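Presented below, as structure tokens, is a lone chain in the form predicted alone.
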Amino acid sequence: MNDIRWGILGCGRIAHKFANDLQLAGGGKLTALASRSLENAKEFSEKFPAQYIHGNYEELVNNPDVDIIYIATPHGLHHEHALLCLNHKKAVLCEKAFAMNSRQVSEMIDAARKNNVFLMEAMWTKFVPHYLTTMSMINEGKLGKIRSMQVNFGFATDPSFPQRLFKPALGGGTLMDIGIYNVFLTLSVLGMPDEIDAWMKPSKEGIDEQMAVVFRYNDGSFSQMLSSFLTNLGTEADINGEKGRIKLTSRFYEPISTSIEFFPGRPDSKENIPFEKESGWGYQYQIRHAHDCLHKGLNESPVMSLKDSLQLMNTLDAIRAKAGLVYDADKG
């Protein structure tokens, strides 16, 4: 079976992590790189060599030797770049957040179906071992009925941080960049809420530099979520059930540790649940899944479906509406 030939659109920090883990995934190879600056693409290729180095995105999408393109640009540009790829009949793995709003996501889905090509949101957390172990424990009833969640993700920023985080045109703000993980995890565990409340502290640029979100459910369950660019939060998740709870510590969204803290009863009854962790950043798991989908001729992932992505974006839209966070993309 031939290796899947990858192109990377955008040569920033996350693209470096992806390229590193592509080498660990097996079954695929980095064939082409594209940046709006040929110099940037050449610099990237010094660490991760590719057969083709493109100084613009049009050359990449017209390259016949590329099977699938990983979109690694800021999420304010995902809609534009995904449509460019899809309308040239290139399969797409697009980094989260998938787009800026549900209208854009719907247009991306329509383009994928019209062109009969694969499209998936790169929500890598859904494929990593600790997430799969956690969801298995919940589905097996080890926590009982889930009654509440607390999920936090935040770090104190300064001028050295990427400027995309603060620019509305690039989708800046905590919700779309890091709070999305809080929402994703809550939806995974509790499903769609019956009521949403949200509050934000706006920055001078107009993005949310801190966001508090509460999901309420008709059965009395709820989730509290906080994302911040103002303070260093624990970046942890507590999932609390009637029979026990799980605590995902230290960067709950990525496979940073090798065990899950499980409290099956009393607060002092902690057990460490181990899981397998490979070297690398953790992107290889979703890469392998994309390979499997392409080899099977699928145009949509059965794990991170397009329905899942649209549901997630609809929820983010509802949160922003409650908090009063509006982007220019919402006005188009």
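Numbers follow the displayed sequence, beginning with 1. Nothing here was measured: the structure is a model prediction, and the numbers come from that model.
We do not show the form predicted together with a small molecule, though everything after this point is about it.
At a distance of at most 4.5 angstroms from the small molecule in the predicted complex, all three residues R13, H78 and D177 contribute at least one non-hydrogen atom. At the 4.5 Å threshold, heavy atoms of A72 reach the small molecule in the predicted complex.
Shown alone here, A97 lies within 4.5 Å of the small molecule in the predicted complex, counting heavy atoms only. Shown alone here, F215 lies farther than 4.5 Å from the small molecule in the predicted complex, counting heavy atoms only. The small molecule is not drawn, but in the predicted complex it has no heavy atom within 4.5 Å of K42. In summary, among the residues R288, K29, K277, R36, the only one with a non-hydrogen atom within 4.5 Å of the small molecule in the predicted complex is R36. Checking L170, M149, L248, A111 for any heavy atom within 4.5 Å of the small molecule in the predicted complex turns up a single hit: L170. This chain is displayed without the small molecule, yet in the predicted complex the stretch 88 to 96 from 113 to 121, 231 to 239, 195 to 203, 88 to 96 comes within 4.5 Å of it by heavy atoms.
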